[in-house]
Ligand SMILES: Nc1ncnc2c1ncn2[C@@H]1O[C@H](COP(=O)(O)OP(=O)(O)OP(=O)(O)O)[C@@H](O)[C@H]1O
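Coming up is one lone chain in structure tokens, specifically the form predicted alone.
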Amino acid sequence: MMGETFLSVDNLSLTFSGKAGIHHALTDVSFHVDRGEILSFVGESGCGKSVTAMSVMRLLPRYGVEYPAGSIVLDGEDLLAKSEREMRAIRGGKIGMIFQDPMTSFTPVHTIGMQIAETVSHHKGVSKRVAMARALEMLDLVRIPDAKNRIGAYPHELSGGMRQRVMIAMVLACDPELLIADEPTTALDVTVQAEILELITDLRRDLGMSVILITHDLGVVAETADRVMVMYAGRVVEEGAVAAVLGNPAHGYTAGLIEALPLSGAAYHRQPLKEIPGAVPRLDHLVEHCIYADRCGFVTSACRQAVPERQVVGRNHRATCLNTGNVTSALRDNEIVRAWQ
């Protein structure tokens, strides 16, 4: 079923209301996830990656949160029209989510085996014995060493990497068709990061899952994802196949992210890191021009006069920018861009 769209989000807008007024957290966000593919959300902190994922899961508070426009359709079902009771069956069933800090996802007074088994019992309605057998099976699947003995361990007795594997086992225990991994390698050392990412890609291949991988690390995107969606200030600014976006960046923000990466070899010592100037704009009002104009090195007067529409840059590659050709040309000699061309 590869290539068939499993999740489709169209023109989704989201606002938070409070004493400080209305904040536009998401504006006209559109994307899709095909069966069996890995789509990565990338962008700096606060750009809307996790809020988008929480919207798909319908985990945001019911009060003070509104969806003025848009739809979230999972396997033909509109999730925004679902009741909370219906969503509880979908969460953990069709969709599973790995959060940034696995320690906060476990109760410290129960063993990891009991916590996985409880999830299985809740969603599958099986006996405790069957649920524990499933828990052991899942610990083996995520490559926990000596799983028979580890199943009785408490979360604090495991390393960060092991806890993340157990979290993945818990999420996969009910056979989700879509896995959302929100910064799954945060606070892990480089070796363990590589192991967790390899595990996710192997499970995607073996189980045929779709995966949304949320990260701020373009290196993770390059090694893991099939497609990438670049977000800035609650909007999608560029989207396409990883090779297309990294090999032909077409938005000023994507260019800024790429230029901020450290170079390799001798060039690393010759050239300081290049930062993106300025700061993310406030979201308490809608900007009626390009949201990135105040920080962009390619800005023109036209960028400040209207909100740009999404432009087709190439096959399965789009960018919300009026100067896509200038961006691509300017980065043609960048070391990272050349590697993907």
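Just so we're clear, the structure is a prediction, and the values are computed from it rather than from any experiment. Heads up: residue numbers just count along the shown sequence, starting at 1.
If you look for the form predicted in complex with the ligand, you will not find it shown, but the lines that follow are about it.
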Exercise: residue 45 in contact with the ligand in the predicted bound form, heavy atom 4.5 Å: yes
Partner proximity in the predicted bound form: residue 317 to the ligand, non-hydrogen atom cutoff 4.5 Å: no
Close approach of residue 331 to the ligand in the predicted bound form, 4.5 Å, heavy atom: no
Proximity of residue 50 to the ligand in the predicted bound form, heavy atoms at 4.5 Å: yes
Option from 23 to 31, 298 to 306, 285 to 293, 66 to 74 whose residues, in the predicted bound form, bring a heavy atom within 4.5 Å of the ligand: 23 to 31
Listed residue (217, 177, 183, 195) with a non-hydrogen atom within 4.5 angstroms of the ligand in the predicted bound form: 183
Residues in 222 to 243 close to the ligand in the predicted bound form, defined by a heavy atom within 4.5 Å, in order: none
